[in-house]
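Shown next as structure tokens: one chain only, the form predicted alone.
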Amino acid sequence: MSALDTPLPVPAARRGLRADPAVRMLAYAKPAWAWLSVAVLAGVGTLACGIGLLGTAAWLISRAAQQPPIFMLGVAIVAVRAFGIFRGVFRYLERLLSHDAVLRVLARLRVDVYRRLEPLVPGGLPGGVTSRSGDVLNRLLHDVDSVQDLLLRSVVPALTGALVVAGTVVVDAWLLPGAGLVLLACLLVAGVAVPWVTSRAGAAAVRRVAPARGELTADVVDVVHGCSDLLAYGAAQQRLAHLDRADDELTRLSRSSAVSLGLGSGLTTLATGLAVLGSLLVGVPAVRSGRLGEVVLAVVALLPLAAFEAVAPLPGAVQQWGLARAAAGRVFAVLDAPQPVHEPPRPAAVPPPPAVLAVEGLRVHYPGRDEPALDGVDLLVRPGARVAVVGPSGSGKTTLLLSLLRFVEPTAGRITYGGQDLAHCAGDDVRRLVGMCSQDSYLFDTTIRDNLRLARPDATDSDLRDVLARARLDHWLDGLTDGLETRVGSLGAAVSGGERQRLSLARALLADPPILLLDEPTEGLDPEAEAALSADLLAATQGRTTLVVTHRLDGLGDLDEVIVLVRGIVAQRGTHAELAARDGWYLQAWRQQRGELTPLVG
């Protein structure tokens, strides 16, 4: 079973506490709990050494003021040194163990999120997960990173503080019961009441910070990617104003969180002062009555200063819990997203080419939509045949290609190759059989060589030049100073639209799939470049099983068959000559493209 098929921590069907994102994340981190427990003990050791250091130092200073023989102070002097040294040692161990454990959890979580996104993105993200690239990136990076605060800044400090508080109160009560009660009361105020007050004060802001950050990130990415269009249409200032509003909202929420955190810090400091004052009010009468030694009074009075180090992080821990809980919810929205395609437990082998590709009664119905994207589509493609799929926007053309690539699951019907139902084959095996060159093929900000070798890493320069020649880029390549080492820029910005599309075609040809899908490969080009690329595409695919989704009908006369999809149904089929000779959508579109009719609507 692959990692994608492994059930993720807590099924979405669960309800109540176990469905809470923070609780689910704690369950997800279960493999790290052994090391985190040791880290908590190291944290307890750190605070215990700090308390011991202050208490021993207070006793030492007070006792030294009485000028006893030096040997009577030896143990205290050694204890001060030991507490100081071991405090640093325990602190180092606590940080090392906790961060190592949490970083391992984050590494696994980031891989799981990426693996879940990988099959979701081609077929479209489901409801609850926005398709805006900036927000998806924010979930993959910032939200996953925020989860570490759930463990490092919430759970570990809370457990450490609880253990240290219990021990400190016991020691203080042993020295003076009244002082122990005062310390317990003040610690409960600082460790329970103050975090509750601060969490209530900043609850609304904490819930909104993660979504607001995702919104801002998505807006920034949109502005950067759409900069040229925004400037061309004079809409840049409007989008920047929208960006400013999103930034102001995030700033307001962050400020509100900071105010509540500052309130908690102030209340904790007040509780610390009250604990010291209360200890003195109880301790001084005890000294007068002889129930408490004068030297021990200094220990009782100063012990709260060290003890409150254990509860000081708790207001921030509660706030971090809320922030991390919101981030975990956004992460689990990705992890809980249903798989678009179910991999077979025992994949069948894909028949070797050449073989017949058949689509039989294919129906695809996306969740939340009234009408199916495809409804009873039949298609037969023989080896080496070239078929065009045309139709109005939204007619299901791209859905058909995604179904052939096993990026979406058919509701009914099947797709076979050589008689083998491809639903019984592994998705990766199907995509080695079926390759695709889409209208928005991604070019990485690297060299031409590296972009092409994505399709076949072991390809030689001779192989690269061969596919570039078949894509009619050989003369263009010869004119480049750096040849195959030429960088194409971010998203192919350093090359023209036609060159970018031809590079994508060359990459698809290098992969050499038995079946090639072309999805609007000439989209966005000017008429002259579109006509030239269309002709070259048809020449490059000669003899190769090819399905072409296109809006351009010119040149389809060389193809074996043309399929017309309208609202997910095969409305017409035949050769270009046959369809252009009878009434229907194809004839109207053909006449419109030749300038004989006004543009079609729908």
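Just so it is clear, the structure is predicted and the values come from calculations on it, not from any experiment. Think of the rigid core as the biggest set of C-alphas that the two forms share within 1.5 Å after superposition. Numbering starts at 1 and runs along the sequence shown.
Another form exists, predicted in complex with a small molecule; not displayed. Remarks below refer to it.
Report the residue, out of L422, L362, A508, A373, that has at least one non-hydrogen atom within 4.5 angstroms of the small molecule in the predicted complex.
Spelling it out, the residue with a heavy atom inside the cut-off is A373.
Position in contact with the small molecule when the complex is considered in the predicted complex, options G266, P351, P392, G497, heavy atoms within 4.5 Å
Residue within 4.5 Å of the partner: P392.
Is Y366 close to the small molecule in the predicted complex, meaning a heavy atom pair under 4.5 Å apart or at it?
Flag for Y366 set to yes.
Residue contact check: T217 to the small molecule in the predicted complex, 4.5 Å heavy atom:
No.
Decide whether T398 counts as a contact residue for the small molecule in the predicted complex under a heavy atom distance cut-off of 4.5 Å.
Taking the distances in the predicted complex, the answer for T398 is yes, it comes within 4.5 Å of the small molecule.
4.5 Å heavy atom contact, E520 to the small molecule in the predicted complex:
Residue-level check for E520: yes, a contact with the small molecule.
Only one of these stretches, 398-406, 161-169, 271-279, 256-264, has heavy atoms within 4.5 Å of the small molecule in the predicted complex; which one is it?
Stretch 398-406 is the one.
Taking the rigid core as the reference frame, is the Cα of R369 displaced by 2 Å or more between this form and the one not shown?
Comparing forms between this form and the one not shown, the R369 CA shifts at least 2 Å.
Take the rigid core as the frame of reference and indicate whether the C-alpha of G55 shifts by 2 Å or more between this form and the one not shown.
G55 C-alpha, core-superposed: shift of less than 2 Å.
Once you overlay the rigid core, does the Cα of G43 travel 2 Å or further between this form and the one not shown?
Moves: no, less than 2 Å.
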